[in-house]
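Only one chain comes next, encoded as C-alpha cells, the form predicted alone.
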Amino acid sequence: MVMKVYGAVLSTAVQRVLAALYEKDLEFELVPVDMRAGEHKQEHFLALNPFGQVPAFEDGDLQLFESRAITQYIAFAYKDKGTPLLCEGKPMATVSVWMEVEAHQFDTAASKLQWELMFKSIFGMATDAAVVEENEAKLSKVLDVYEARLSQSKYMGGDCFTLADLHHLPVLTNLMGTTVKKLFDARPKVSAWAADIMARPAWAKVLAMKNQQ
C-alpha cells in the first residue's frame, strides 16, 4: 500500500513530511484536506488526528500525526532508501539535540514571525510591529548559536544533511521572503547553510507542489 499524507501543501507541517518522503524517494499519495472548510475539525479527520491539525499519515495499518514524529518514522523505517537523514550511534544523539533546538528554540520565534509577516497579510490582518520586534530579537539569539555551531560542522547535526536541517526548511524558506532575511544574511555560516539546504532537489519538488496550488 502507498503511504498517505493527509493535509494541504500550504501547511509548513505538511511540507516537512513531503520533504522527507522526497529525500527518501518514496511513493506516497497526498490526500487533500480542505482547511478553509474546516475539514480538519470534522469527525472523519479527527479519527486520524484527534487534535484536528494537519498532517495525518498512514503507512499500511500504522497511523501517525505530528510532522516531526512522522519524518523520524520515515527516516528510521526506510533508512536504506534515498538520503540517510540519520546518523548511526553517538552522532545520532547530536542530531537529536539540534532537532530539539529547531522545535523549541528556532520554531517558536520563527513561526510567530512567519504569521506576522506572511500569513496575516494573506488573511487581511494587520502586522503587529511589537510582536515582530520581540521575535526578531529572540530569533537573532538563536541564529547566533547557529552561526557558532555551523563554524564547527557543515550541517546542524554534523557533516551530513539530516532531519535536524530538513525540519527547518518550510518556515526558513518562508522567512527568506520577508524582512527577516536580513538576520540570516548577517551571519555568513547561517546564510551559506540556508542556501545549501534550500537548494536540495527534494525541497524543489515540495515547492513545485506548493506552486501548483
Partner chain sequence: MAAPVKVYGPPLSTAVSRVLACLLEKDVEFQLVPVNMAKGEHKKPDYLKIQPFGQVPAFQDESITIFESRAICRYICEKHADKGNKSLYSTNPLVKASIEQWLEAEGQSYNPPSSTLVFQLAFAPRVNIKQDEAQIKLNDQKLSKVLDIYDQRLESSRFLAGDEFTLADLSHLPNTHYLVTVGNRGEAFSSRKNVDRWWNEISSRDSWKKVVEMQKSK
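Remember, predicted model here, so these are calculated numbers, not experimental data. Residue numbers count along the first chain shown, from 1.
Missing here is the form predicted together with the partner chain; even so, the following discussion is about that form.
With the partner omitted here, the residue from 77, 137, 125, 131 that has a non-hydrogen atom within 4.5 angstroms of the partner chain in the predicted bound form is 77. For the residues 171, 183, 64, 150, the 4.5 Å heavy atom test against the partner chain in the predicted bound form is passed only by 64. Residues 50, 68 and 96 are all found to lie within 4.5 Å of the partner chain in the predicted bound form, as judged by heavy atom distances.
With a 4.5 Å cutoff on heavy atoms, residue 119 does not count as touching the partner chain in the predicted bound form; it lies far away. When the partner chain is considered in the predicted bound form, residue 109 lies well away from it, no heavy atom lying within 4.5 Å.
Mapping the unseen interface onto this chain, residue 145 counts among the residues with a heavy atom inside 4.5 Å of the partner chain in the predicted bound form. Not displayed here, the partner chain is approached by residue 105 to within 4.5 Å at the level of heavy atoms in the predicted bound form. Shown here without the partner chain, the chain has 72, 73, 76, 77, 90, 92, 93 in 72 to 95 lying with a heavy atom within 4.5 Å of that partner in the predicted bound form.
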